[in-house]
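Single chain ahead, written as C-alpha cells, the form predicted on its own.
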Amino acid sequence: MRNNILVLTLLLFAVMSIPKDSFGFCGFYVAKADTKIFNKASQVVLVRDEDKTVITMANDFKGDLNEFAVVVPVPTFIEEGQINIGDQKIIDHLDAYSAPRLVEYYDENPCERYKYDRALEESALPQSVLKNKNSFDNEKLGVTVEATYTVGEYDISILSAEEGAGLQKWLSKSGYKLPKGASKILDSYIKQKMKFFVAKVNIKEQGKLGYKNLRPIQVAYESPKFMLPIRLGTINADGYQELFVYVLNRKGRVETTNYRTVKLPTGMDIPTYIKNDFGDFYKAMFDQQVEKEKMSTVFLEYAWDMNWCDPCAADPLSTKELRDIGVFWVGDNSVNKNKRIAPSPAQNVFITRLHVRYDKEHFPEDLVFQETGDRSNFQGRYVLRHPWQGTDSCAAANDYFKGLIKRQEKEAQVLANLTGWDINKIRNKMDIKTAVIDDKKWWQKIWSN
C-alpha cells in the first residue's frame, strides 16, 4: 500500500535562538471559544528559554493510521532521548486556560445609586518514518538515514539530504507520496543545513500500548533560531488551515517578525442572547477580522502570567503539567505520595496564544518569532450586561431605562460590526422596541422633515 505523507496541517520545526491592570476584570466567566469550534485546527506548544526549545505537536489525524506520517524540519541531529510522547489532556487544559471567554455582569438597582463602572470597561478595551531497508541506493539520491528509533507508538527516522528532489524521490520509493512542489521547499530547508524528523505510526506498538488516539510528539533541542515552517503544510491543503500556537517562556509576550501580530478586538459589550451562541459569535467575529486584515496577519488571543487569571476560563496549569509539557525551569514538587496533582502555582511562566488562518497564497513564508519582553496582560474577552429587572420607581430608574435602550442598540451595532450579521435580525432577537435612537435636541427637530 502506498502511503501519503500528511503534514498535519503544518510541518513543524520550532527553534530559536497596557502595563498590568491596577484592578481585575471581575465578573463571571460563562463560556469559552476553544479550538474545537474550528475545523482543520492544529495545535503546537512551544516552550522556549534562551536557545533551549521543547516543541509539542498535537496530532488530530483522522483516517487509516497506515497512511499517517509527519515530517518535521529540525535544526540539529535529534537523539532518541530528545523525543518524548506527551499527553493530549495537558494541551486541552492549556487551550481551555487561554481560550477567548465570555463574562457577564448584572446591573444593580439604579435607585440605590448604582454607578456604571466605566473605569473597568475602559481598562479592558484595546487600542485598535521511515525505517530504511536499503531497498534502493540512498547515496545516489543524496539521502542519509542518521538514526531510527521507536518511541511509544511511533517509528522515527532522522534524515539528512543533499537536495530536495532526491529526498522527495527517496520518500516516494519508501512508499510515501509527497505533494507536488515539495522538493523546492525541501531544498530551502536543506540549504539551511537542517535535518528531517520523520515519524509514522507503528501499528503493532500502538496495539500493545492500547491507545486509540495518537498522542502528541515532543522534541527537545537547542538552536538560536525561533520559527515554525508552515509552507510544506500548505502544498496539498484543501483550503485554508487554522493554527494555534501556545508559547511558554519567561520573558513575556511573543510575536511574529515577518507578519504583523494583531490583537483581536476585546472588551466589547454584546447582546445577552449570545450566551447561548458564543461559539457561532466567535467564529463569525474571527472570520471578519481575517477578511479585514486580508488574511495576512497573526492574531493574539491571550497573553498572561500563568500565576493567575481573571476571569478564569480554567485553572492555571499545575507545576507537574508544566514540567510534562516541557517547561524545564520549574520544579517538579507538585506530586504527593498518592501521585495526585496539586494545584501549585506556576512560577515565572508567561503564556502567549497566537491564532493564524493561513494558506500558501497569503503566507508564503514560514513563521518567524521573537520574544518582546512585554508582560502586559491581554485576553479575548466579551461582556454580557444583564439589565436590572426590578420595579422600584425613582428618577434614577427612569434615567436608567432611557439609557438602557441606547445601550442595547449600541450592543446590537457592535455585534453587527464584529460579525457581519444582519442588524435587524439581531434587534429582533434582542427584542429592542426602538431600533433607532433619537438623540436630537428639541430645537433641532423644529424644521427637520
Partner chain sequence: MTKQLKIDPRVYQISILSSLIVYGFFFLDFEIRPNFFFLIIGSTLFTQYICTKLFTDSSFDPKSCLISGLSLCLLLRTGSPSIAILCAVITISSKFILRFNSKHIFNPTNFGLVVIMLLFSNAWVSPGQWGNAATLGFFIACFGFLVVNRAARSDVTWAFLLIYSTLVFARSIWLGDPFAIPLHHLQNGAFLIFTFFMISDPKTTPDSRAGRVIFALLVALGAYFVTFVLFRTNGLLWSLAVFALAVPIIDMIVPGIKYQWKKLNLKSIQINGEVPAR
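Numbering follows the first chain given and starts at 1. Note that this is a predicted model, so its numbers are computed, not measured.
The following text describes the form predicted in complex with the partner chain, which does not appear among the structures shown.
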{"query": "Contact label in the predicted complex: residue 98 to the partner chain, heavy atom within 4.5 Å", "finding": "no"}
{"query": "Residue 149: touches the partner chain in the predicted complex, heavy atom cutoff 4.5 angstroms", "finding": "no"}
{"query": "4.5 angstroms heavy atom contact with the partner chain in the predicted complex for residue 372", "finding": "yes"}
{"query": "The partner chain contact in the predicted complex: residue 89, any heavy atom under 4.5 Å", "finding": "no"}
{"query": "Which of 258-266, 103-111, 306-314, 153-161 sits within 4.5 Å of the partner chain in the predicted complex, heavy atom basis", "finding": "258-266"}
{"query": "Contacting member of 409, 60, 67, 51, with respect to the partner chain in the predicted complex [4.5 Å, heavy atom]", "finding": "51"}
{"query": "Single option in 364, 81, 207, 331 placed near the partner chain in the predicted complex, where near means a heavy atom within 4.5 Å", "finding": "364"}
{"query": "Site check 272, 385 and 389: each within 4.5 Å of the partner chain in the predicted complex by heavy atom", "finding": "no"}
